[in-house]
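As a starting point, one isolated chain is supplied in structure tokens, in the form predicted alone.
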């Protein structure tokens, strides 16, 4: 099983949006997909509870699960994490993860919160030993704005890949209302979004 951790110490940065759409994308591509919500708010699990049986299956993984019953082979685990994740809790979450995605919005507050967090991630043992890889995803980004340019400039200081920028669109919120990811919407509606997701898909599967 390959595990993907979605983490950022700041709330409201797009962790759950990224996590559920990542799970939806993997399921749509025929992968055995599990979603683990580590946040007390359980927003990802609320999304999962709304998901129709007619859609590609995303299974729920709860705390205290039996590792011996986890699927083997080409299966994926997506972990949605709470704000304020740090210290031992962060280290425990990173340990089984193959990839860590850090969603960051183009705002002063998000960049300030990410500054130290990205440094902490780079010092984690699994990252230093190249067992876990970190990627950054810009969330709710309008590339035509000054804020987007500021975010790009800010991210250049880190020796970490900036995988993609995902635009600010109501498609994500509207899809979530019925337990869908944007990948469950008609292709004609998400053509631009698919282009933005492709670098992320390539990075995850590399």
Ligand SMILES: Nc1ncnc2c1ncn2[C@@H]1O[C@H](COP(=O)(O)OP(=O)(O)OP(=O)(O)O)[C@@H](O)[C@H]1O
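Being a predicted model, the structure only gives us computed values, none of them experimental. Numbering follows the first chain given and starts at 1.
From this point on, the text means the form predicted in complex with the named molecule, which you will not see here.
Three-residue candidate spot 12, 83 and 167; every residue lies within 4.5 angstroms of the named molecule in the predicted complex by at least one non-hydrogen atom. Interface residue among 150, 41, 59, 143 relative to the named molecule in the predicted complex, by the heavy atom within 4.5 Å criterion: 41. A residue is said to contact a partner when one of its heavy atoms sits within 4.5 Å of a partner heavy atom; residue 172 meets this definition for the named molecule in the predicted complex. Heavy atoms of residue 35 never reach within 4.5 Å of the named molecule in the predicted complex, leaving it off the interface. Remark: residue 26 does not count among the residues lining the named molecule in the predicted complex, judged by a heavy atom distance of 4.5 Å or less. The stretch among 150-158, 27-35, 47-55, 172-180 whose residues place heavy atoms within 4.5 Å of the named molecule in the predicted complex is 172-180. Shown here without the named molecule, the chain has 16, 17 in 16-33 lying with a heavy atom within 4.5 Å of that partner in the predicted complex.
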